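Given as structure tokens, the chain that follows is alone and in the form predicted alone.
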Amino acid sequence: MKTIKIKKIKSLKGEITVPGDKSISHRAIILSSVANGDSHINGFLEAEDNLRTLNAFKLMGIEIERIKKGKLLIHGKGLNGLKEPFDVIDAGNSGTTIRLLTGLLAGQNFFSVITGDAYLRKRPMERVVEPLSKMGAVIYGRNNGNLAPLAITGRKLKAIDYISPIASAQIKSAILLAGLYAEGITSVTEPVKSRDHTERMLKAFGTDIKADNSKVEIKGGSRLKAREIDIPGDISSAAFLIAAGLIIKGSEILIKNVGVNPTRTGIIDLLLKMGGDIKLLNKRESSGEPAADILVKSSSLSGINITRDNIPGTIDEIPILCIAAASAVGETIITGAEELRVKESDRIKTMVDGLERLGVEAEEMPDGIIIKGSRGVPSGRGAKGPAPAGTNQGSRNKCIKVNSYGDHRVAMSMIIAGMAGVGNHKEVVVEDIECIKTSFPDFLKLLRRI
């Protein structure tokens, strides 16, 4: 198990660019593959999760050329041009890959099996299998279709009007992709609008799709036209650097060309509410997606309440928000975030564990976390009760160990915590950091640069 030892640093300074958006990269591969003609993709994130999606389409007969790093040429074969894969599709650790492809595969004229690693095989799939089954999909899996591997017998689908119990871009996207192969108009209505990258990209590819706030409709059989796609930087990756710039004293960072889709900027809104000095510069559009440069300066943060309404736009950024909250003055309460329990790890449990190991008071709730900001806490104070296993008793200036539990966002959050000196420990060892490759392979290299 790979580990890294982190020491508190003085400041972060410089101008950087984060890798392409992970969510948009997945969708660019999927839609380019079922479009008619050649699509050029610029800014593709070459992380493990996205490469799982890319390799899945290679298995289904799509020719994909790597022109150079981040630049691809995809020879699309149209909606009905995919071939039955000769092997099981392995989604690795990627929930986006398995859920979106399940929707797409449900409407094909062949049989396929899709699975993932040990972590992914524990994550719930019924949330996509259930609505797809209502469309006529034939999908089998462990635990009555709730767990991978999933075996999919493709067939002609029928349109449905689906009211989703939760706001989830993965559920919505799986249904919309299946809707391309359904007769009639398929609609998805969410309680709160989730990220809308799929809708934006489907529209850019020329499909007959309509979006009205939390409801989206797509007409089956829409022909996709190949195009060039420019992918902006991933705000979920930038979030770690934004938070680091705010909580590490004397820092000033300019992060260039970041996607600022309004369904994804909840992290910025909340950090501004906490008192963060963040400015969006040079606003523009990149292939239908808003983009900007983000200027961040170190700030004194205050605790806030983060409620259910905030969660859809910040679900992936909650781990690093926890680190910002731990560095703030006062208490931060996060509620309505039970979805965190079915991510790459149970992020409520793993973040509370990590914070307590650092000596920050954190309380686990069924749907969230209460965090008491550590800024200004005298040396020697920490979590209630005895020090957690793995900590060093009696002194908060020794080395402390924290575990990522195989979760890339937890790993990166704990690295930022060590750099910011959360808990006033001399050194922090973060265990199991190989998982960072799933979304941000150059994370440590980028940090060293600034």
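Note that the structure is a prediction, hence the values are computed from the model and not measured. Note that residue numbering follows the sequence shown and begins at 1.
Keep in mind the form predicted in complex with shikimate-3-phosphate (S3P) is missing from the figure; the text below concerns it.
Of the stretches 420-428, 22-30, 37-45, 51-59, only 22-30 has residues with a heavy atom within 4.5 Å of shikimate-3-phosphate (S3P) in the predicted bound form. Contact check for residue 168: a non-hydrogen atom falls within 4.5 Å of shikimate-3-phosphate (S3P) in the predicted bound form.
Although the partner is absent from this view, residue 77 stays clear of shikimate-3-phosphate (S3P) in the predicted bound form, with no non-hydrogen atom inside 4.5 angstroms. Although the partner is absent here, residue 96 lies within 4.5 Å of shikimate-3-phosphate (S3P) in the predicted bound form, judged by heavy atoms.
Taking non-hydrogen atoms only, residue 315 approaches shikimate-3-phosphate (S3P) to within 4.5 angstroms in the predicted bound form. With the partner omitted here, the residue from 193, 227, 343, 200 that has a non-hydrogen atom within 4.5 angstroms of shikimate-3-phosphate (S3P) in the predicted bound form is 343. Contact with shikimate-3-phosphate (S3P) in the predicted bound form, judged by any heavy atom within 4.5 Å, is made by just one of 71, 273, 308, 127: 127. Contact annotation for 398-427: a single residue, 409, has a non-hydrogen atom within 4.5 angstroms of shikimate-3-phosphate (S3P) in the predicted bound form.
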